[in-house]
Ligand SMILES: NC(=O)c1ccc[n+]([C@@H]2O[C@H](COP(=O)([O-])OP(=O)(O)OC[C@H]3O[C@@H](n4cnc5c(N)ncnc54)[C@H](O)[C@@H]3O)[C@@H](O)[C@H]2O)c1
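Next up: a single chain in structure tokens, the form predicted alone.
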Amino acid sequence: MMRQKVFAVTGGASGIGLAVVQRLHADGHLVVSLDLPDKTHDPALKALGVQTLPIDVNDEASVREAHATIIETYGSVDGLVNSAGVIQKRQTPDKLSMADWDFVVNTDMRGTYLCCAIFGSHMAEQKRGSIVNIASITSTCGVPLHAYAPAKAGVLSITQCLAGQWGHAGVRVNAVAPGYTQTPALQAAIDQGDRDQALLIKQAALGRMVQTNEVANGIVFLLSDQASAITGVSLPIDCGWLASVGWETYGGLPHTKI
């Protein structure tokens, strides 16, 4: 009988993180959802019956405590998904306060690195493990998100650096680069008028937005033994957004023409 694997998911109470928790749980794994204290009693997580632990990825002591609790409970951790993150309101540099910049970069980039460093170091000691970080299609292109995009570019660099650091120890580190995904956070931005859903859909080759379960499917693949030779990559899950960027120069995608 195969041993149940233990996976930790930050940001596990909503959006992509919740979809990953649901998928891993459905696959029969032991899953620990890590999120801010006020989200540990989320009804969706209670319905699944998975363990929830409080974490603040901006607080080193909080991350270490969550990791220690998982090791004490299960003895090891086989995989980590860093899904905790925030999005950014579109602002010009003169309007974007450094406090807001710091919050986005600290949560999305520093928090990812901190969780990688603590969980990944233990995985290296146990000579096995897999980490998947959440980068973005904005990791490699310019957009008017002057904190979020640099933070996600940093996540991509962190992924590549740590893949080289721990590969010899049997630890794989990969990322996914979601396109515009229908999460509660993005829907709130759409509702507030900060994103135009029609434009998000128009840019994608498939003519639609990404669903959270579709991102989860890619993450679970990268965590699995099926991806045993894959490390240091960023997998776009974007409904063809990146593939279609250049089409605007030639009048847009075929499905956007009248």
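A residue's number is simply how far along the shown sequence it sits, counting from 1. On a predicted model such as this, the values are computed, not experimentally measured, just so you know.
Another form, the form predicted together with this ligand, is not on view; read the next lines as being about it.
Contact check for Y148: a heavy atom falls within 4.5 Å of this ligand in the predicted complex. Mapping the unseen interface onto this chain, P184 counts among the residues with a heavy atom inside 4.5 Å of this ligand in the predicted complex. Contact check for A124: no non-hydrogen atom falls within 4.5 Å of this ligand in the predicted complex. In the predicted complex, S14 approaches this ligand with a heavy atom inside 4.5 Å.
Note on the partner interface in the predicted complex: the residue among V86, L96, A163, A117 having a heavy atom within 4.5 angstroms of this ligand is V86. Of the residues V50, A205, I230, L36, just one reaches this ligand in the predicted complex with a heavy atom at 4.5 Å or closer; this is L36. Heavy atoms of every residue among N58, T107 and I134 are located within 4.5 Å of this ligand in the predicted complex. Stretch-level contact check against this ligand in the predicted complex with heavy atoms at 4.5 Å: of 166-174, 72-80, 148-156, 124-132, the positive one is 148-156.
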